[in-house]
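Subsequent text provides structure tokens for two forms of one protein chain, presented individually as structure 1 and structure 2.
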Structure 1
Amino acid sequence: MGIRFREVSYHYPQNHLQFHQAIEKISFQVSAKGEFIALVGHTGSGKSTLAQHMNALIFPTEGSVEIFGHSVTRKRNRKIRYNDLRKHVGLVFQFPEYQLFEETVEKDIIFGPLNYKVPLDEAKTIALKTLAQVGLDESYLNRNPFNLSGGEKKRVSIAGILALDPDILVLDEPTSGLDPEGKRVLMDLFQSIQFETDKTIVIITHDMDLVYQYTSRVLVMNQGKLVFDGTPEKLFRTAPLTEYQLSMPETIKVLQAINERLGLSIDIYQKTAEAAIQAIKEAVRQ
């Protein structure tokens, strides 16, 4: 079980006569457990539109999206409880302010569980647990979420979705606006959540360094079409990145430049700065 796209297209109305084709004839599937997927592509390639189909936030213009056994099509099905589908697939927006609305962190986190008829005491226990999962302690419970830092707001918005215990967690640009250390901390957090819970995590990102270091599968969107579905290694070794308007990770670019300038033959496909430094040391010794 999980999510399966079958020839999915979607267009936005621009006026009463014209439409913008956001995604076109998309087919792929996402497992309910154990995947860490990056969804990448240039601005306007259709990434966010695709992600919003994953929990039936929007409905296909053509084709169907099967979400945990339920087929979502252009026509609404009265037999499907779409809010229940959204409990299986949690979507975290790029900007936390789109999700945060209560006067305290605790009220924000327990809103979802209470909406699904979870008793108040149990919902409060869940709030403590999910706060700990995102690296925040109980001192945050009574704080106003709008007075938190950008990174803290992101963590609270993630905790609010985790409180619903989704099988699949979809995060739209979760590291945008963060410094390199903030990005690393947040990605380590997602990695630990994925490892500890076996949930599938999908992140939308422009950061190829994070894609290379953390994810195991990459979906590439280009002009509304899915043009690549494979491992990060395959993407950066063989795919036409220029055509897709994507860049190489910094470690690869730096090692490639060192090889060219110094006449070395370092394996440039190192995922981390530490691995790159070790590869340089070994090449210099030879």
Structure 2
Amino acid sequence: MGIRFREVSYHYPQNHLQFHQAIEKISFQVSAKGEFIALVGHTGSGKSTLAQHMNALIFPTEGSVEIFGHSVTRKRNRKIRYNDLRKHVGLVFQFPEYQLFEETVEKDIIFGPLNYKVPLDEAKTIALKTLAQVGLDESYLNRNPFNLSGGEKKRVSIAGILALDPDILVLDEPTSGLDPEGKRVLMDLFQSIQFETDKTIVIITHDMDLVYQYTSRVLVMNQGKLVFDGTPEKLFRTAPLTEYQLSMPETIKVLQAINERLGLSIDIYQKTAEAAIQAIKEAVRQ
């Protein structure tokens, strides 16, 4: 089960004659349980396109995507209930404006559950719960989602997907446009969801610190191709980051600089700022 990409390519139609190849011959697998995956890559490398394949929002031009036992290919298959696939894989869009469309936050969050035949009062309870999970209180329930700030919209759109209780949660840049504290709160939320329910979580992000600190597997996209699939340790210790147009996490950069300036040999591979400070303190003590 889970999601399996087989040689997937996708072209965006540009006009009558031209096509834009967004992703090219991608193959990998995501299991339905227990993974915390980061999907990274430079702007325009095809991450969002890849993410939309994961719940059959777009169909591959070539190859196939197997989602919970159903093979999604170029042609729409009448035997597959795509709505049911999307119950398994929830996708939070990169731009929350696209995901919000109801008049109130509450209506927007219960839109999904109602589609899957959850009774109204139960859906409302879920809305309250998920809203709290993403760090918003109930005063938001009756607000117009279009009048919220960027970060608030982001949270509401995440709540809308959490309310579906999918098996795999795919989040396209959930932390962009949030303040550092907000980022940490959200990432902690995803981590705790993953801890408690053993769901698989895939996040797309440009923030290497979050990648290093939270995730257990990294997929790197470069110009439409999948060029790396492995642990963050392996990525930051051995992979050619500049070739992938990626950078090191800030903690590693800082520790590296300290080592060079002061001729120390602190272990630079520290995941969190706290751990880095601890390492520096230790080095100072010696």
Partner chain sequence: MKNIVIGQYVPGDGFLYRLDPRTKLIAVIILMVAVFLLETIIELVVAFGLVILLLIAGKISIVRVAKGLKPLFVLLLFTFFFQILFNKEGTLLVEEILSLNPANLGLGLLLTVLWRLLARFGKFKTILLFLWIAGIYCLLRYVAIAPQWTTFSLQIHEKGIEMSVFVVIRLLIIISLSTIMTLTTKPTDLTQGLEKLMRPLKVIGIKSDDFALIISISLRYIPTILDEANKIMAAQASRGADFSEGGLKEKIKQVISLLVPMFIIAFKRSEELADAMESRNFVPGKKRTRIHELSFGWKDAVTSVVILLCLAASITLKVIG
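Since we're looking at a predicted model, the values are computed, not measured. Rigid core (definition): largest C-alpha set, two forms, superposition within 1.5 Å. Just so we're on the same page, residue numbers count up from 1 along structure 1's sequence.
request  = Go through 1 and 2 and tell me the one that is the form predicted together with the partner chain.
outcome  = Answer 2, the form predicted together with the partner chain.
ask   = With both forms fit on the core, has residue 148 moved 2 Å or more by CA between structure 1 and structure 2?
value = Yes, its C-alpha moves 2 Å or more.
ask   = 2 Å or more on the CA of residue 136 between structure 1 and structure 2, with the rigid core superposed, yes or no?
value = Shift of 2 Å or more: yes.
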